[in-house]
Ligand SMILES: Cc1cc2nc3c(=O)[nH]c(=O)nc-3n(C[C@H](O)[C@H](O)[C@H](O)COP(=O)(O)OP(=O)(O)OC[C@H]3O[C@@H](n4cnc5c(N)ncnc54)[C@H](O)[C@@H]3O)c2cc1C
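Only one chain is shown below, in structure tokens, and it's the form predicted alone.
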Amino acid sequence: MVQAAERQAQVVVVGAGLAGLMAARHLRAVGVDVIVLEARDRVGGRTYSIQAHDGTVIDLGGQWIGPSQRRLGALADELGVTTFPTYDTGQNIQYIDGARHTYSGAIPLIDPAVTMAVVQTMLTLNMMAHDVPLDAPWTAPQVAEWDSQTLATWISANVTSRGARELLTIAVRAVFCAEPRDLSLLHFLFYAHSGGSLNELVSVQRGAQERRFHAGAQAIANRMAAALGERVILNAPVRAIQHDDAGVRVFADAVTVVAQATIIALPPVLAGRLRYAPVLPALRDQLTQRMPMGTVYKIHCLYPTPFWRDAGYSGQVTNYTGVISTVFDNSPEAGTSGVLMGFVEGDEARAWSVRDPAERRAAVLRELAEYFGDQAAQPTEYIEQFWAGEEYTRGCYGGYMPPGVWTAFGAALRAPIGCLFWAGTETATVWNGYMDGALQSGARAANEVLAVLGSAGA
């Protein structure tokens, strides 16, 4: 058995995603000695950018930035990671009961009655959402009602239009990679408030999908890690944490770090799989048992050109009954190659995860051909990423709360336990579940540590 090397630091961060790297960056800015342990052979967590065979940058994970995600925007500017607008010109496509329709704008106008129902429902939900306190959702005025039912239950009772229910379901899958029946209504409302409004969550222009990064979203993590240098240790999955009044001892493969405090920047479901001595308090541990991750395939198909643009299409598709429920034009800004990116989400992703990959590929290409013609069935490269299959993620885009979890366990989500502190986008109050939220959580956890260490936090 190989003896693990022992290192010392003031703070050890578990996880080199955006949250963990932001925490370490924040600590280093005031001179704190910090070590970051990362299980993978790369940094970035749920941001993961690769190059296709033709050199096109492909984001297999998080990729978009919206105008109100100011923390992410400011950091990207500081690091020199530039952005460009998501392609949003031309007709969008919607499939309804197997029939193909086209429309322009953020909301389909194919059936005016459905459009009115969707707009009214979104307005109602937005108004409800703004009654949910971001720092303590369990104190919302109607918490008993909202956290005792699923979003599906509320939709069934309040939305009579079948078309509107279908569009709302597509939106939920797109945002959570889960089904309306999976989510607490309270969690849905908190999430909408956290991102500003439902409109911002689902929109391209002036919304969460407005811009992309030229070098890929992972470039932000790469540049933060480069500045930290040898303080970031890769291929070091943490297995156990000992903690007491004197500090922590964090055991990873081939290295043990002794420190005064640790920031655990992992999704709650993964944080709960570490071994703690002494064991975590019951409420914190049971919280981690109740925050499942979303299920999604992110699929990219590459072509010599974005040929659909010549036909007047934006590349955006919604399909309630399809394998790929949403599609975007993910081509590089110059349009030197064409990329169609589709999501297989929620129940569809769960079902297809146990089927043959070749069968899944054929089903995806068949649907793209229905949307954009036979040329779409002949990509030069097909790339898919299944985040639920990743050992050190186990799902995307983030953890969510079923009914009752916020009420019974929410107070344990961010609360430090002695010298253990929690980060990760699931703990954010603003842009929870997004890259911007991950950065907020890292800075917040770092400031909590600084308060304990007696340093001045920003």
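Predicted model, so just to flag it, every value in this text is computed and none were measured. Position 1 is the first residue in the sequence shown; the rest follow in order.
What comes next is about the form predicted together with the ligand, which does not appear here.
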The ligand in the model of the complex reached by all of A39, G44 and Y397, non-hydrogen atom within 4.5 Å
yes
Would you mind picking the one in V57, L60, C419, V405 that has a heavy atom within 4.5 Å of the ligand in the model of the complex?
L60
As a check of understanding, the residue in A215, L274, A377, A171 with any heavy atom within 4.5 Å of the ligand in the model of the complex should be identified as L274
Which of these stretches, 49-57, 427-435, 410-418, 27-35, has heavy atoms within 4.5 Å of the ligand in the model of the complex?
427-435
With a cut-off of 4.5 Å between heavy atoms, is V14 one of the residues that contacts the ligand in the model of the complex?
yes
Taking any heavy atom pair closer than or equal to 4.5 Å as contact, tell me whether L270 reaches the ligand in the model of the complex.
yes
Could you confirm whether A265 comes within 4.5 Å of the ligand in the model of the complex, counting heavy atoms only?
yes
In the model of the complex, does L18 come within 4.5 Å of the ligand, counting heavy atoms only?
yes
Going through 352-390, which residues have a heavy atom within 4.5 Å of the ligand in the model of the complex? Please give them in sequence order.
W387
